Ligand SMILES: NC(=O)c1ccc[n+]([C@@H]2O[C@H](COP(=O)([O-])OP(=O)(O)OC[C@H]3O[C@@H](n4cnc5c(N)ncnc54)[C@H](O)[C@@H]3O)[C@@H](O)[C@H]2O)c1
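Next comes just one chain, in structure tokens: the form predicted on its own.
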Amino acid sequence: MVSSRRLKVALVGCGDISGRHIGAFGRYSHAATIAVCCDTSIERAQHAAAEVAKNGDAPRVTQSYQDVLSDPEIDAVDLCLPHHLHAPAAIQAAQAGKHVLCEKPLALNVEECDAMIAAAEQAGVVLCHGEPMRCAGVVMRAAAMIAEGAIGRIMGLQATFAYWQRPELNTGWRGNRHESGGGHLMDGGIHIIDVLRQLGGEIVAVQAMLAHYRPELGADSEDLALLNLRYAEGHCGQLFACHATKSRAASPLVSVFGDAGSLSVEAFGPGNGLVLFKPGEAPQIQEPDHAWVDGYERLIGSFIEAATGSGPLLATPQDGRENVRVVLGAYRSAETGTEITLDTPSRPNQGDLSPSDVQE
């Protein structure tokens, strides 16, 4: 436990998403510092270090993950790595006694997730699932209102996650299914799977159709996924996820329909962050404004508190595991053309996964 000084963190992987993490850590400079920037590209690591320096810190730069793990001054690692490196990097960090914040998806499959969780539990370190949408203010408020009965019993949920992803983000490891774990559903749509679980409860069955439009992503990776979801409480949901559509006109992001009203997140333009609809009443704006970046800030604040023993995680590895399970069920459904029941697999021992040395 670290409580008498700032948590010293190594940023591991300094690509596109690392900027969000650097900005969020900057909001907690009193409690944590990015002390190392690590990437196989020295240029990326140096660029990240220059961004961290804007927060008043002076991180050192390295290309060696083993250098990070052997540094006794480093308390935690923030893994912003390609998906296939999440499990081995997280397990090695836990075994080295480092707390771990790992970007979504937690891993490529349930077995890897379980091995990561087991390694963290055995080492007595925190493993945080890096899902910022779970920590967004509008989503947390919606979850609280649903729990309080604001819309009565849930009848169903509907979500749309449609946008145009920059072409450079569709190349490299994202075009290799063995490294990415899938296409848009595993990379982007999994954000909304988490929100749909947070607002609607656990998903027990999935039926899916996939499509592929953008050639740069690779022939094995979808850029559109349509999912029908069955929940443990009996209601159903639907997700349309696509990053091949231009001009993000899809709104609301998520709607939850109940027998006493409905809630919509990011509804119908600016000023409508969260809207409550009640029978016979005008729409009630619950949260007028929101920015998804605040989810990163809450996520990282929660991680710092958990690592220093002063608060709980907002995004647990168990949630990351369940999100991966739903996505893989959707892929099986698309392959077989059938609805897939999500049976909970047995949990492997830590030794069932043998991580190799990692260079991010």
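Numbering starts at 1 and follows the sequence shown. These figures come from a predicted structure and were not determined experimentally.
Another form, the form predicted together with the ligand, is not on view; read the next lines as being about it.
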query: Partner proximity in the model of the complex: Glu339 to the ligand, non-hydrogen atom cutoff 4.5 Å; finding: no
query: 4.5 Å heavy atom contact, Arg325 and the ligand in the model of the complex; finding: no
query: is_contact(Arg298, the ligand) in the model of the complex, heavy atom dist at most 4.5 Å; finding: no
query: Contact test in the model of the complex: Leu81 vs the ligand, heavy atoms, 4.5 Å; finding: yes
query: Per-stretch contact check against the ligand in the model of the complex, the hit in 206-214, 274-282, 147-155, 100-108 (non-hydrogen atom, 4.5 angstroms); finding: 100-108
query: Site test, Cys38, Arg44 and Trp173 vs the ligand in the model of the complex, non-hydrogen atom cutoff 4.5 Å; finding: yes
query: Listed residue that, although the ligand is not shown, lies within 4.5 Å of it in the model of the complex (heavy atoms), from Asp194, Glu222, Asp75, Asp187; finding: Asp187
query: In the model of the complex, the one of Val139, Leu227, Leu85, Ala120 near the ligand [non-hydrogen atom within 4.5 angstroms]; finding: Leu85
